[in-house]
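Only one chain is included here, represented as structure tokens and corresponding to the form predicted alone.
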């Protein structure tokens, strides 16, 4: 018998820029010409049926005019398309168009697009570079930053995926003006979550400037985009692969992701998260980590953004309790929750531990007690 040691120690620098502004298509072209993706000449532009005509076709045409080979790969808009089947469709379509390892993917769209395209990039040809061009507030706040990519399964959301960092992220605030009002409101949920978990003053900024933000006031929107990136970066920098601290980004998601699935995606992600945040603050009050007044302030801010804080009548609450067990934080069959400590902080239950086991009976009590 013999043993051969394969030594593969390496240092990886996954740093990248996040650029925020208005109408960044030309800046993307400029960066590519300067070598953002190296010497690559072939670009796969992945988008959905909503963003296709708004932004993706223009970016694809600009790539071609700049001298690159570029093709558009489009799938139906919506969370229901974030599946292994859609990923397979895109991969097969890219292969049919002659794409191999010498290509770069550009994801143009919201969170579904960036999640799916980033996952494709991580596995296509065993990995090709990708760029996120985020067109929604939700993607700016969450999906385009941090390197999490995934698809959903019939059981739950985001169970199949990998960590894969982009070459660069562009946050085009001008695109927010094309969003339906419901989508813009949905995007505010992740922003409010960031303020609740990490920045007391940002929470009250949102409270004082909600009307401006909803009207896409340039200064206000640039500020919240910057704050979202800053708060998430401070977490991801310390825990890229979610071994501890990064779990705090799941604040409100234990109930939120479950209700999103049980609603059969009738609720947008931010709408489901808002209900999850409501459940989370009520649990935090019950366990003594928040006051009733602080919980009311969080719920009031969610309502200021016109987000739901009650469970829709069509949701079976017992089915919702069962669905909690599909959450990625479950350990040894036990539900685990991340909880706020007042406003602008998170409970650290012991050193490096940010989620705590919660008995099913208590979770049920909270869920049955919601409006």
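What you see is a predicted model; the values in this text were computed from it and never measured. Residue numbers count along the first chain shown, from 1.
The following text describes the form predicted together with a further copy of the same chain, which does not appear among the structures shown.
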Next item on the list: With heavy atoms only and a cut-off of 4.5 Å, decide whether residue 289 touches a further copy of the same chain in the model of the complex.
Entry: no
Note to self: Under a 4.5 Å heavy atom criterion, is residue 282 part of the interface with a further copy of the same chain in the model of the complex?
What the structure shows: no
Check: Are any of the heavy atoms in residue 357 no more than 4.5 Å from a heavy atom of a further copy of the same chain in the model of the complex?
Finding: no
Next item on the list: Please check if residue 183 has a heavy atom lying within 4.5 Å of any heavy atom of a further copy of the same chain in the model of the complex.
Entry: no
Item checked: Location of a further copy of the same chain contact in the model of the complex, chosen stretch of 223-231, 129-137, 297-305, 195-203 [non-hydrogen atom, 4.5 Å] -> 223-231
Next item on the list: Check each of 245, 210, 162, 77 and return the one that places a heavy atom within 4.5 angstroms of a further copy of the same chain in the model of the complex.
Entry: 162
Check: With a further copy of the same chain left out of view, which of 174, 214, 156, 72 would have a heavy atom within 4.5 Å of it in the model of the complex?
Finding: 156
Margin query: Suppose contact means any heavy atom within 4.5 Å; which members of 82-108 contact a further copy of the same chain in the model of the complex?
Written below: 84, 85, 87, 88, 91, 92, 95, 96, 98, 100, 101
